[in-house]
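What follows is a single chain, given as structure tokens, in the form predicted on its own.
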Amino acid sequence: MTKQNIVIIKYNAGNIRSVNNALLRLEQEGEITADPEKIIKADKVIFPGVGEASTTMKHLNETGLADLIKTLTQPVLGICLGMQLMGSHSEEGDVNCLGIFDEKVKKFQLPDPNSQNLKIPQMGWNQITDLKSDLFDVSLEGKYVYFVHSYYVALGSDTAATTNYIHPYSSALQRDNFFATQFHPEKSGPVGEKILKNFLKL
């Protein structure tokens, strides 16, 4: 694969370096930066993160990154918190998010009775089904990927993959040039590697 100009957006959220390590395994490298000019000029933009939605949205708004991300025209991939922040609203801190996707972010509620002894956060491997995006191909239907999250994105018109934990929810979203996964492709072994590779081919 040709060497690409990939930017990983730097902001006040964790787990950014593990994404770059995954790119290195694909013989690519991301530049971790918050520089608007570098973000605009990139071939691909990755918006990862682990953290809390309301404090992160405050940071994105204060730094101007919120407005910048919404105007990007190249392929953009949100991961985990990045995906949730691309939704319209999050119950985590009751905050309006970027609004790239119409779907809302809600907190998992344990079923009563909890006969399967489910826990929050969902932590571990689960399946992706009903795949509808160029991020995926038919070989990935029903495959297992790695999740860690207490909040989920509801199903909606932008749903590109579905996962069932407590109930079905969006494990991936796509609208135009914006793609997002709730799971961590960088921690999902060969399946995650394939998804990252598909993103880089866009």
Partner chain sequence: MLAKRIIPCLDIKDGMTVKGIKFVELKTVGDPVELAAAYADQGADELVFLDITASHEGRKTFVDLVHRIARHINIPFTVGGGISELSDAEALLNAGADKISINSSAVRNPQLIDDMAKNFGSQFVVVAIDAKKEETGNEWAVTVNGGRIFTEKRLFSWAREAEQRGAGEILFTSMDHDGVKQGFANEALAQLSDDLSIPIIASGGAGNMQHFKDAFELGKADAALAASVFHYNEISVPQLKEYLRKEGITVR
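Positions refer to the first chain, counted from 1. Everything numeric here is computed off the predicted structure, so don't read it as measured data.
Not pictured, yet referred to below: the form predicted together with the partner chain.
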For this session: Please check if Arg17 has a heavy atom lying within 4.5 Å of any heavy atom of the partner chain in the model of the complex.
Result: yes
For this session: Examine Ser88 and determine whether its closest non-hydrogen atom to the partner chain in the model of the complex is within 4.5 angstroms.
Result: no
Problem set entry | Tyr151 within 4.5 Å of the partner chain in the model of the complex, heavy atoms | no
Exercise. Could you tell me if Arg25 has a non-hydrogen atom within 4.5 Å of the partner chain in the model of the complex?
Worked result: yes
Exercise. Where does the partner chain sit in the model of the complex: which of 66-74, 170-178, 139-147, 154-162, heavy atoms within 4.5 Å?
Worked result: 139-147
For this session: Please state whether all three residues Ala34, Ile79 and Asn96 have a non-hydrogen atom within 4.5 angstroms of the partner chain in the model of the complex.
Result: no
Exercise. Is any part of 175-192 within 4.5 angstroms of the partner chain in the model of the complex by a non-hydrogen atom, and which residues would that be?
Worked result: Glu186, Lys187, Ser188, Gly189, Pro190
